Ligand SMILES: Nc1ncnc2c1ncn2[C@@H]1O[C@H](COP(=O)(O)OP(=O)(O)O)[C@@H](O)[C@H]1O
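Shown next as structure tokens: one chain only, the form predicted alone.
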């Protein structure tokens, strides 16, 4: 699938644990098309987060290849990977990872300022996104003053601020109750439709995963397409 936006070929990851070698992922082949929403499900410890970190260039594979569009990224150095992530990827985690000393507006503006935008321009764009995710009344609030669902909305706005082509979401609703979790999933579905942003969503929630276009199951280090 050479027209894929993000793909990997025979990607494996092993760790040394004392005298033993532990294999977490085995020869993973995966391709994400532009605008596609894919869920990756599996038991705790199955390697879901490891796979997401490899696809996002946050960790190095033991073997295999990683591609973005027609570029092979397997041997890119850390600074080039960091620049690529800033320009092309958004990240959403189970725990929001917002900076506690900054407001919602400042947290969302931060990636744009890192990319070289002026603070005025960055905050203008950040405000637009916070309004879009329903937080126009929370711009100046710090994370501790927000509910769990509101913090995740800020995190999603931050993930979108540099207009990424791909968002990687690691258990984005894992810390929320059912109603808030459903609200966050619906927001991601809406943003996918509005902005044609592709998503890879790691989750243990099968009911929510089934709302996405495709479900992949990670079991014993091997990725399987869910059988309908």
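Positions refer to the first chain, counted from 1. The model shown is predicted, which means the values in this text are computed figures rather than measured ones.
From this point on, the text means the form predicted in complex with the ligand, which you will not see here.
Inset, instruction - Give a yes/no on whether residue 47 approaches the ligand to within 4.5 Å in the model of the complex, heavy atoms considered. - result: Residue 47 belongs to the contact set for the ligand.
Legend entry - Within 4.5 Å of the ligand in the model of the complex, all of 15, 24 and 43 (non-hydrogen atom): All three within 4.5 Å in the model of the complex.
Inset, instruction - Have a look at 158 to 166, 47 to 55, 190 to 198, 65 to 73 and name the one stretch with heavy atoms inside 4.5 Å of the ligand in the model of the complex. - result: Correct option: 47 to 55.
Inset, instruction - Could you list which residues of 98 to 113 come within 4.5 Å of the ligand in the model of the complex, counting heavy atoms only? - result: Going through 98 to 113 in order - heavy atoms within 4.5 Å of the ligand in the model of the complex - there are no hits.
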